[in-house]
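Form predicted on its own, single chain, as structure tokens, below.
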């Protein structure tokens, strides 16, 4: 996927746990069903934490990329 497909882009680079997950959850809650959120994070724990949060909340993790120590998540809001 690429950035142009995202309805909202959330920059969590430089933030440590739990802030990337907290900000991601807040962003998803403010979106409408079917919209796509792009999250960028540098915290290594974010990969596991955001993946788990997306599953727990019933949303869909479309893609996770890691490049130059930046994790990029594409999340589709389902509920």
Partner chain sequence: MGEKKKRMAIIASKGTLDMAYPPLILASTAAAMDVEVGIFFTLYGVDIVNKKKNHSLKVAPIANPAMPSPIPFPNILGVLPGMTPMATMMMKSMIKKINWPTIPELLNTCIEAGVRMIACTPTLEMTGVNKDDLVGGVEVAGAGDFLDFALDADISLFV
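These figures come from a predicted structure and were not determined experimentally. Positions refer to the first chain, counted from 1.
Just so you know, the form predicted together with the partner chain exists too; it's not on screen, but the next bit is about it.
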Does the 4.5 Å heavy atom contact test between residue 15 and the partner chain in the predicted complex come out positive?
-> yes
Would residue 44 show up as a contact with the partner chain in the predicted complex if we use heavy atoms at 4.5 Å?
-> no
Contact test in the predicted complex: residue 19 vs the partner chain, heavy atoms, 4.5 Å = yes
Heavy atoms within 4.5 Å of the partner chain in the predicted complex: does residue 36 have any?
-> no
Stretch 54 to 71 - residues with a heavy atom within 4.5 Å of the partner chain in the predicted complex = 55, 56, 57, 58
